[in-house]
Structures are given as structure tokens and as C-alpha cells.
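What follows are C-alpha cells for two forms of the same protein chain, given separately as structure 1 and structure 2.
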Structure 1
């Protein structure tokens, strides 16, 4: 018997309890023993929940109960969750969590606390997709050259609708909220922060690199408009919010932002609320992982997979998948300024003679080579036109300096918009 206590009984917590009951036979067969919920902790006991396990509003009743073997943390948040998970480990209990924000900030401290105790977090990234296990076990013989992930279903739903139906961003966001795909305050999703937390977890497993969200490049999708969509279609691109980790020499790029990506790439075909992650290993080549990235049952499935593994093995393996330094070269985080990419730029300019020449002069100054240019018709009332550019490869530092200088030109009415091109 594996006795567990659950802290946080929201959508995922209810699904965990339900699946453990309804799929008891197959779970027990695979685990070799029954997995039983002894107690669950909630914030508000007066709120009705569709579960048949004892409830408490005191998490310490679970943390201090010697008969509970594993604590399942599903409460969310960072610092209070860190306190609870730390106490569980100090009390000798295994831990399973779906809390990506907690791990984005405290994964290395928790690994040091866990030592040989089991610590599962498959549900923290991409819901029902077993990407954690793939990196820790399935691809463990490989140096990971890169990984690219669509890891936020809200953004992917919005961008898919905009690409396929020409929908406006604000209208599509409202639809996502009405369907329950986006929160009332969607900033965490559409700003790229949710995907960034997940990327940091995967990068720790792939590269052993310790970085916080504040250390990496994060941009959201809120500024994408119909002109960007039209440019993408004209040049056979899709627009996706990608989380990217890439090893370049002894450094690792970590970044989350919208990208233009050719439609024939596998990850470009991941549409709607689904998630997809492409991983390239030096021996296996490219592998692709696809599935639901959120939702009660999908996330609960990943939680229970960790519980089954704990029941089978009875002890922990290294939490992040390695027992000593991952790379003899000691990989470091690449500064944002050194990232090299191709870029798409959208500029709103006054339709005057010499505008294009003045912009081209700035590009030349910063050694930026233009690949394609499109001009949209002038608005007769405002006398403004849109110029759309794509560049060849250049450094992030140079493109940012060029954008600063172009913004200051009298012929340019606002700061140019920019989307990176990923190939």
C-alpha cells in the first residue's frame, strides 16, 4: 500500500482522486500495490467538492502524519508551496507536484533537499505529455542539441484562430476566456511566463543549467496583428509561441517568444489548445511529443504516473536526472544580446520620399542584411504606410540597437514591431 496525502483539491486534485478510484484495478496492477488517498487539504472546507476522502484545512495534518508516504502538492503558488514541499521532504516523505512556478524558482533547492527521496514532477510541463520522463530516461544517452516547445494551449489556440480564420487578437482572447482556455487575467499565459517556467524545468534536465525566469528572454503574443498574419501566410510561415532551448558551443540559449516558423516543420502543425515539443538529440535525431497540455484528467494522468513509479521503485532517482555535473564544459546561459536569429520587422511610417533609404541606412550601420520587403498601401487619411521586412541572420544586440534608432526617425510613427524567425 502506498498512502498519499493531497494538498490542493481543485480541478486536478479532484481528477487525481477520481482516477485513482475509477482505474484502481489497472493502476494497482501496474504499481504492484494499491495507491490510497488518506487525506486531502483544502483552503476552504465550506466549498463543495466531488470527492469521498477526508478533508482538512490544515496541511500540517498531512505533512506530520507518519502513515502518509507521499505528499501530492497541487495548490499552486510559489513560496507557500515551497514551504510545504520542503517540510514534506524534511519529514522523509516523497513528493509529487504539478507546480511549474515552484520548480522554475526552487528546483535546485528541492533537489538538494530530496536527495534519495522520490520526487515526481511529470505534470509540471505539458500536462499529459510524458516529456520529463523522455528527457530523464528515454533520451538519457544523448546530448540534447535543442528543444522547441509549444507549451501553452491558450496562446496556441489564439494564434491558430488568427492564422486560420483571420480573427482579431482581442476577439480571440475573449473567445478563449469564454471557453475556459484563458483566465480572467490572461497575462501569465499570453505574456509567455507560463511557457518560460516550463522551459526552465526542461532546460535543467537537458543541460543542468540553473536560471530563473528573470534571467531569460520572454515575450508574449499580445502585439501580433493582421499584418503579421498576412506576412506569415505570404511566405508560408505559421506564427507560434515557442519555448526554445539550444546549445551553441559552451552556452545555452533559453528564450520564449512568438516565432515565424515554416509550415512544413512538424511543430508548426500543432494547432488549437494542443501542446507539442520537438527534441533533437545528437544520436537519436529529432523526436516529437504531442498531446493535451492542460486539463484535469490529462494533468492528473501525469501525477498518477509519478505515483505508480514511486510505488514500483520505492526510492528516488536524482530529481533532475543527473548525479553529477551534466557537461564537462560547464555550460552557461547565453546572454540575450548574443542570440543570433533571423527577424521579421513591421514598421508604421509616414509616406514620404526617402523613408526607405533612411531605414536602409540604419540597417547598414548595424550590419543587418534584408531578405525581403513588403509595403502595404498608404492610408489616405493618416498618410501612413506599413513596411514589412525580413532579415538574414544577425545578433539580437544589433537588431535592438537598430530598432531604437529607427524608432527615433521622424518618418517612423512608433516603435517597430519584431518577431523572430525560427528555422
Structure 2
């Protein structure tokens, strides 16, 4: 028997309890023993819930219970979850968590605390896709050259509906929340932070990089508008929020932002709440993973896979996939300013002589080469026009400086919008 205590009975917690009950036969057969929920903790005991396990509103009852072998943390948040998970480990219990925000900040401390105790976090990245297992086990003989993926189901759901159905941003976000995809605070999703948390977890396994969200380039989807969607459609692009980790010499670039990506690329076809991750290893070449990135049952499927593994093996394997620190690899985080990309820029300008020339001068000053320009018809009432540019490759530092300067031009009415072009 493996006795577990669950902290958090929301979207994911309820699904875990339900699947453990409804799929008990196959789970017990694969685990070699029964997995039993002894108790679950919630914040508000008065809420109606569709579960039949004993509940408490005091998580310490679970952490201090010597008969509980594994604590399953499904409450979310960072510092209180860190206290709870740390205490579970100090009390000699295994841990399973779906909490990527916790791991984005504390994965290395938790790895040190866990030592040989089992610590499962398959559900923390890409919901139901076993990407952690793929990196820790399946691809462990490879140097990872790059990792590129759609890792936030909520954003992909919103962008797909905006592209395919012309849906409204706010209404579609509400729909994603109702379906249980979004974080308790959905700005984590649409601001790109949730995808960044996941990217940092994968980058730790692939490269041993110990970066925090504040250290990397993160942009969300909140500024994408109908004009960008129309441009994408006209030129055969999809718009996706991508999380990218790439090794360039001895540096690793880590970034999350919306991209324009040609529709015929495999990752551009990943739609709705689905996630898709491409991993290139130096020996295996490109491998691709696809599946539901959010939702109660999909995430619970990953949580329970960790529990079955713990029941089967007992001891933990190295949490982040390496037995000793990876400093011998000499890899460091590439500064944001050095990242190289192509860009699409949208500017709202007053339609009068010399405007295009003044903008072109700024591009020349920062050594930015223009690939294409398009002017949308002028609005007769405001006398403003939209100018759309695409650039050749240039450095992030240069594009940011150019955008600052273009914003200050008297003929430009607001800060230009920018989306990177991914090839």
C-alpha cells in the first residue's frame, strides 16, 4: 500500500482523486500495490466537492501524519507551497507536485532537500505530455541542442480561436478559465510567465541552468490585435506563444514570446489547448511531443504516473535528471540583449511626407535591415495609417533601442508593436 495525502482539491486534485478511484484496477496492477488517499487538505471546508476522502483545512495534519508516504501538492502558489513541500521532505516523505511556479523559483533547493527521496513533477510541464520523463530518461544520452514548444494551453486556446474564429480575447480567456485551463491568476498564462516557469524546469534538466523568471526574456499575448491576425493570415503565418531554449556555443538562450511562424511548420499546427514540444538532441535529431497541455484529467494523468513510479521503485531518481552538478558543461545564460531574431513591427503613424524616411533613418542607425514594408490605407477621419515592417536578423538590443527612438518620433502616435518571426 502507498498512502498519500493531497494538498489542494481543485481542478487537478479532484481529477486525481476521481481517477485513482475509477482506474484503481489498472493503477494497482501497474504500481504493484494500491495507492490510497488517506486525507486531503483544502482552504475552505464549506465548499461543495465531488470527492469521498477525509478533508481537513490544516495541511500540517497531512505533513505530520507518519502513516502518509507521499504528499501530493496541488494547491499552487510559491512560498506557502515551498514551506509545505520542504516540510514534507524534511519529514521523510516523497513529494509529487504539478506546481511549475514553485519549481521555477525553488527547484534547486528542493533537489538538495529531496536527496534520495522520490520527487515527481511530470505534471508541471505540458499537462499530460510525459516530457519530463522524455528528457530525464529517454533523451539522457544526448546533448540537447534546442527545445521549442507551445507550453501554455490557455494562450494556445485563445490564439487559435482568435485566428480561426475571429473570437474576442477576453471572452475566450473566460472560456479557458471555465474549462479549468487557466491559472488561479490568469495573468500568469497570458503574460507568458507560466510558459516561462515550464521552460526553466526543462532548461534545468537539459542544461543544468539555474535561472529565475526575472533573468529571461518573457512577453505575453495581451497586445496581439486583429491587425496582427490579419497580417498573419495574409502572409500564411500562425501566431503562437513559443517557449524556446537554444544552445549557442557556450551560452543558452531562454525566451518566451509570441511568434509569427509559417503555417506549414509542425508546431504551427498545434491548436487549441494542445501543447507541442520539439526537442533536438545531438544524437537522436529532432523528436516531437504533442498532447493536452491543461485540464484536470490530463494533468492528473501525469500526477498519477509519478505516484505509480514511486509505488513501483520506492527510492527517488535524481530530481533534475543529473547525479552531480553540470558545471563541467560551462554553459551560461545568454543575456537577453544578445538574442538574435527577425521581427514584425506594427506602427501607427500620421500619414504625411517624410514619415517613412524618419523611421528608415532609425533603422539605419541601429543597423537593422528591412525585409518588407506594407502600408495599410489611411483612416480618413484620424489621418493615421498603419505601417507594417518585417526585418532581417538583428540583435534584441538593437531592436529595443530602435523602438524607443521610433516611439519618440513626433509622427508616430504610440509605441510600435512587435512580434518575433520564427523560422
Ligand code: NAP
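Positions refer to the first chain, counted from 1. Just so it is clear, the structure is predicted and the values come from calculations on it, not from any experiment. By rigid core we mean the largest C-alpha set that fits within 1.5 Å across both forms.
In this pair, structure 1 matches the form predicted alone, whereas the other structure does not. Once both forms are overlaid on the rigid core, the distance between the two CA positions of residue 249 between the two structures is under 2 angstroms. Relative to the superposed core, residue 128 shifts its CA atom by less than 2 Å between the two structures. Fitting the two forms on the rigid core leaves the C-alpha of residue 92 displaced by under 2 angstroms between the two structures.
We note a C-alpha movement of 5.4 Å at residue 180 between the two structures, with the rigid core held in register.
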